[in-house]
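Given as structure tokens, the chain that follows is alone and in the form predicted on its own.
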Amino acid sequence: MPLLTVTALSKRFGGLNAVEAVDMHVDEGELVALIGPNGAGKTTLFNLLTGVTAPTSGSVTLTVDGKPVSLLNRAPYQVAKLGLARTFQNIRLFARLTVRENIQAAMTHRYHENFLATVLRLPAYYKKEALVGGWTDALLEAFDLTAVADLAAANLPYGTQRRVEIARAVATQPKLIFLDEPAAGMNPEETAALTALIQRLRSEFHLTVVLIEHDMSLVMKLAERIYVLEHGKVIAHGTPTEIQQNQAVITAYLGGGVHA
């Protein structure tokens, strides 16, 4: 059973079909890319899958403990509780909070506050604090953020902010993570570091990854399968090699070729 199954998913805004009858699946442990030009419907599709936007029709299911669970009609926080996290095309950190605080803010649905235990400083309070602190420190180290842990997010370089955003998504302890154009605005050195980081999401954190990205060298290096969108429709699906050889994709999107 796939980890994520999308069937005939559509979204209409008035007379515009932003996403039309999309079928796709993501297996556990895969890294799948979603590509296409600006306006193809990629981010709208992410919004549909993560509860930000309600679909017009279709279905989305996530496999939880071996059983398919519908993601429709669920708020983003409910989708996150089920194990699906995401980043955004435009970084959405809490600018005035520190890196540490940004990461800890993502843990609230995993470690609930108990009012009585907090006020009376009961053992449950200290246990929760230890869990949050330990997981935060582990993420700071894993994402090379320890040195900037107590700096405000707004004061960090762009590439570091991206790392914080991905670390914050991982802090929710997801099964599946969606990355929306994580390399946008990065220089070649930052992109290379990001590529290694995404590979570590799978090897060290055992996450399944779905990636929207315009950097084709990054996509071809990382993705096992690729879906291509045009005007909200999937026009091609296959391995990087198959996509490289798909003439419709080459002509319509990639300017004459894809280079690994």
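Predicted model only: the values in this text are computed from it and were never measured. Throughout, we count residues from 1 along the sequence that is shown.
From this point on, the text means the form predicted in complex with a small molecule, which you will not see here.
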property	result
Of T61, Q199, T44, T56, the one that lies within 4.5 Å of the small molecule in the model of the complex (heavy atoms)	T44
The single option of T146, Q104, Q89, T172 touching the small molecule in the model of the complex, heavy atom within 4.5 Å	Q89
Interface membership of L9, the small molecule in the model of the complex, 4.5 Å heavy atom rule	no
P37: touches the small molecule in the model of the complex, heavy atom cutoff 4.5 angstroms	yes
Partner proximity in the model of the complex: L16 to the small molecule, non-hydrogen atom cutoff 4.5 Å	yes
